[in-house]
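To begin, one chain is listed below as structure tokens, in the form predicted alone.
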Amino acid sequence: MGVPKLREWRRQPQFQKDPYFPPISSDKLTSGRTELRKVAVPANRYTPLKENWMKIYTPVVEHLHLQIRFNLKSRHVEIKTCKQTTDIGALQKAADFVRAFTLGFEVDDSLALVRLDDLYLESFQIQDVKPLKGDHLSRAIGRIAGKNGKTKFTIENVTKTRIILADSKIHILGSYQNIQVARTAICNLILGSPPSKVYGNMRAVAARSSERF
């Protein structure tokens, strides 16, 4: 008997539609519960908060669709979600916005945290870099600020960040990469590097990063 011939099967192309999943509403993501965030307000920011309250209230309520109030007893700004809240990340944006203002940033600079997604806020202390006390700590703060704030302004302009010096605490607002460049420059100043050398290194890093993108 001869070997039977094998039939050649040709596969027909199968067109399968991708599954479609409709977006989940914010009520289902949060299970219908209201979330609350509290931001403590230091005593030195009571008056600026009162003067700029409408600039803070308007974007939080009209754009993020949240509820906000200042609790006079606990001295906290309370932010809460409601039925009109559609963005699940709106509460975090509003909390970061208010926290940046309480740390000393201007309202317009803090508002960038609401409008842009790739901005962050980082805080650290001079003692985290080097344990300094007394006059050594004062000299380190002076090196960071510079004469009439020149050094701080130069770091802000080159790295496109905003910096707040609050005693031994340092707060930086900007993108992740720019924060890293500014933090490196500040750490070098704390460790004793001369400002001219820090300027050169900082500008070289900023130029490389701009060419990369």
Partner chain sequence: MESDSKVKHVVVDSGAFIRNADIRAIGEKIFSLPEVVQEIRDQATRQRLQVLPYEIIFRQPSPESVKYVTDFAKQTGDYRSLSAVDLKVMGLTYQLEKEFCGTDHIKAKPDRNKAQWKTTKSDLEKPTEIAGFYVGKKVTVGTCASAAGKATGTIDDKCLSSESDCATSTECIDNISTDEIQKDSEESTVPMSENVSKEIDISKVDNSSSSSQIVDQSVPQSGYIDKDGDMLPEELICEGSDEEGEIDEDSGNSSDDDEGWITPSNIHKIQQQSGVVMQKASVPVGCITTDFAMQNVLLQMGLNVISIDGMLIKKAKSYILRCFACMKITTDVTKVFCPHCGNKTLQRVSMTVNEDGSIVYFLSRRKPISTKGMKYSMPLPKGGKHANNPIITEDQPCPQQRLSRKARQKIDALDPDYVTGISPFSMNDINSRAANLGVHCNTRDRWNKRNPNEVKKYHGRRK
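These numbers were taken from a predicted model, which means no experiment stands behind them. Numbering follows the first chain given and starts at 1.
Unshown form predicted in complex with its partner chain; subsequent notes refer to it.
- Although its partner chain is omitted here, in the predicted bound form all of L36, Q67 and K83 have a heavy atom within 4.5 Å of it.
- Taking the partner from elsewhere, H63 is found to have a heavy atom lying within 4.5 Å of its partner chain in the predicted bound form.
- In the predicted bound form, no heavy atom of V98 sits within 4.5 Å of its partner chain.
- Under a 4.5 angstroms non-hydrogen atom cutoff, its partner chain in the predicted bound form has I79 among its neighbouring residues.
- Contact between I141 and its partner chain in the predicted bound form is not found at the 4.5 Å heavy atom cutoff.
- Contacts between 107-131 and its partner chain, taken as any heavy atom within 4.5 Å in the predicted bound form, involve D108, D109, L111, A112, R115, L116, L119.
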